[in-house]
Structure formats: C-alpha cells, structure tokens
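A lone chain, given as structure tokens: the form predicted alone.
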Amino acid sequence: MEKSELPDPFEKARVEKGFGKLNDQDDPVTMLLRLKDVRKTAHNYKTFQSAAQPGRIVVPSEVNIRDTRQIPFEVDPPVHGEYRAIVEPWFKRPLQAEYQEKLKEQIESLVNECLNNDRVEVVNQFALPLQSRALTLLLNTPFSESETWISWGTHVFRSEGEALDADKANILYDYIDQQIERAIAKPGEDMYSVLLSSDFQGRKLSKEEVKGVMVLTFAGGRDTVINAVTNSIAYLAEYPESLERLRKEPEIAGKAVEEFIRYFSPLTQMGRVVTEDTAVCEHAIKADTRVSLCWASANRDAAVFENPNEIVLDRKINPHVGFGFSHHNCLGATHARQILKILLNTLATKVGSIEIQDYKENIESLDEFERKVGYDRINVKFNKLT
C-alpha cells in the first residue's frame, strides 16, 4: 500500500446496509454512509437538528468541554440564515486579489524556507505554520499572533493520547475572551471588532455570540486544513507525475483541490440530533439520539463517483461533500480552497520532487471502523526545481 493512500474502511457497510454504529462517550451515533442519505439528511434540519446542546453534534462530542454555542454552526434556520448573512461576506474575502497576493507571499516564503532544509516535519513545521499564518489574514490580525496559535499545536481541543482536553480548550476560550475585551476597548478592522459592531435582529451581537463565531473559526479550520495540506504533500511525493502535470497545466489546480478534498475528506463526519422517531436507509432511528453525516464515506460512494478510491486530478464530475452540504456548508471553504490552490501552484513552480523519509499515520478509531485521516508526523525533503 502506498504511503499516501487513505483506504476506505466504510465500503462494506455502505454497500450492504448504508450505516454504521459508533458509541461516543455513552451517547451512541448512527453513521450514515451513502452520499444520497448524507445529503438528504443534511438538508432536513427540522428532523436532524444542529441547534442541540452545544458540542453535541460534534463527533466526538464536546459537551463536557464547552457550553459556548458555535455560530452559525450550531444554529438552525431561519436564525441560522440571519447569523450567516453577517459573517459570510467576511469569509468571502479570500476571493479578493489583494488577499490572495498576501497569502501567496506567505506560502512562497514557507516553501522557500523548507527548500533550504534537508528534513522537514510536514505536520508541525509546514502545515501548522501555514494554517496559522493564513489565519491572520482571515482574522485581519497581526502576523505575530500566528506564533501564539502555532504554540497550541495541531488541535485546539485535543492533546496527544486524549480525545478531548478541557484544559487545552480553556486556553483558546481565554484567548478569545481577551481579544474580545481588547476589541471593545480599542476597536479596529479585525474580525472581533467587525463582529462586535454587527447588527442582529435590531441589536449588536453579544460577547457570547462573537465568542461562538470565533471558537468556530479557530477550531473548525485547524486540523482540517492541516490534514489536507499534509496529505496533499504526501501524495505529491509519491506521485511526482502529478506534480509535473500541475507544472504543465496550472489551470487544473482548482479541480485538483476539489479532488484532494473528496479523497482525503479532512473531516470524517459531523453529527445531528434527531428530533422525532424516523428512519434512514430503512433503519429506525429514535428521537434524541444522534446520526452522523459521514463525509469520508459519502465521498467514496461508487454509486456516484467513478473509480472512487483513485485520485483523478481533473475529475470532471465531483459532487463531493468534503466541505459539508446544504445550509451548513463550511464557512471557511473559500479560505481553505485558496490556501490549497496557491500551495499546489507554488509547489509546482518551486519544487522538483519531494522525498518521504519516515512517517507515523494518524488513525481514527470509530468502533467498527478504523480510518486513516493523515499523519501524526511525516518527515520529507523538498528538492528544488532545476
């Protein structure tokens, strides 16, 4: 098996019954595995809600480490749409040429730095700094703040060997509280200040609402972007012909990003809480239990994707759900797409080849399923393009 391969552990269950079972901290989850069921369920917010107890729709559940509601992630329509209308223009800023130029400068600088080293640990020395530095653009905060975020590690709610870490989560919450107070005392043009001055239902957003948006912004796009970047580099190391193709056909970079997101599915799943007794794929599901929308399984559904376990850089038809689906599609998708597109183009123009030296896989244990989501570490050497 290739080092960069992410096998599909859900195939047998997806084909035979369409669902799987997961016991998450004594709050069981029915995992929905087929693309059609995932999309239909994501769209039906009345039966499958996000506005449950804060933290409960996340898998693993975060109810024991937070009571701040992430906005608009843990809110359902119609209120969801009102919140989203406030924040969506801010998250579309990565489409601006000036934003993209700054992001390009950040990524090129990091790649140039790595080209001068004989050994680069991609997760912590490349993907984590890349994600953290890019986040300063999204938040419109000083570049120096990225060093603080880098010091937190790859996940803001987890430590090595622990599924959830309340002490670590409190570091993020305290940091956001401090930034909100700073923005109140001295408003600027950063995301905190913009949110605090935003109107919602005839009033300004509260500090708790602003905190909810900021927690989502920090947590939602961290390990997902890191996984996507790390897996992409591992793939290009093993398939230098793909790097060469991106060099010769830079116009396919956008399609390649979508295909990497489909194949790697940086976020395995996201939950919903069932509001009434119902059934999915002929399986009865009780009210006040949870289902999960298993993006990783849906993105390998052979009923939809031809050769689903292969990366096809210029895949023509690609209705993946790697960024979610329906009204809760990922707010940070525009930012993530720009990061990956600029990264691919930068690697293609500066890097001749990538050598994998050693690695340790990151395996998610999901009861009946074991899924590789990426790497705990992967050491590589970037060779200059000559």
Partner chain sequence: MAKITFITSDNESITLEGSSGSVMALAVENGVKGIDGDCGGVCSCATCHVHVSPEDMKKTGTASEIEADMLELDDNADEFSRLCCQLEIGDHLDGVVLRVAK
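Quantities reported herein were computed from a predicted structural model and do not represent experimental measurements. Numbering follows the first chain given and starts at 1.
Although not depicted, the form predicted together with its partner chain is the subject of the following passage.
J.: What is the one choice in 47, 346, 318, 68 with a heavy atom within 4.5 Å of its partner chain in the predicted complex?
T.: Going through each option in turn, the one that passes is 318.
J.: Which residue, 207, 245, 255, 80, is the contact with its partner chain in the predicted complex, using a 4.5 Å heavy atom cutoff?
T.: Selected option: 255.
J.: 152, 360 and 377: each with a heavy atom within 4.5 Å of its partner chain in the predicted complex?
T.: Contact check failed for every one of 152, 360 and 377.
J.: When its partner chain is placed as it is in the predicted complex, which of 347 to 355, 26 to 34, 58 to 66, 320 to 328 ends up with heavy atoms within 4.5 Å of it?
T.: After filtering at 4.5 Å, what remains is 320 to 328.
J.: Would you please decide whether residue 304 lies within 4.5 angstroms of its partner chain in the predicted complex, comparing each non-hydrogen atom pair?
T.: It does: once its partner chain is placed as it appears in the predicted complex, residue 304 has a heavy atom within 4.5 Å of it.
J.: Answer yes if any heavy atom of residue 283 is within 4.5 Å of a heavy atom of its partner chain in the predicted complex; otherwise answer no.
T.: No.
J.: So in the predicted complex, does residue 92 come within 4.5 Å of its partner chain, heavy atom to heavy atom?
T.: Within the cut-off, so yes.
J.: Sequence order please: the residues of 39 to 54 with a heavy atom within 4.5 Å of its partner chain in the predicted complex.
T.: Going through 39 to 54 in order - heavy atoms within 4.5 Å of its partner chain in the predicted complex - the hits are 39, 40, 43.
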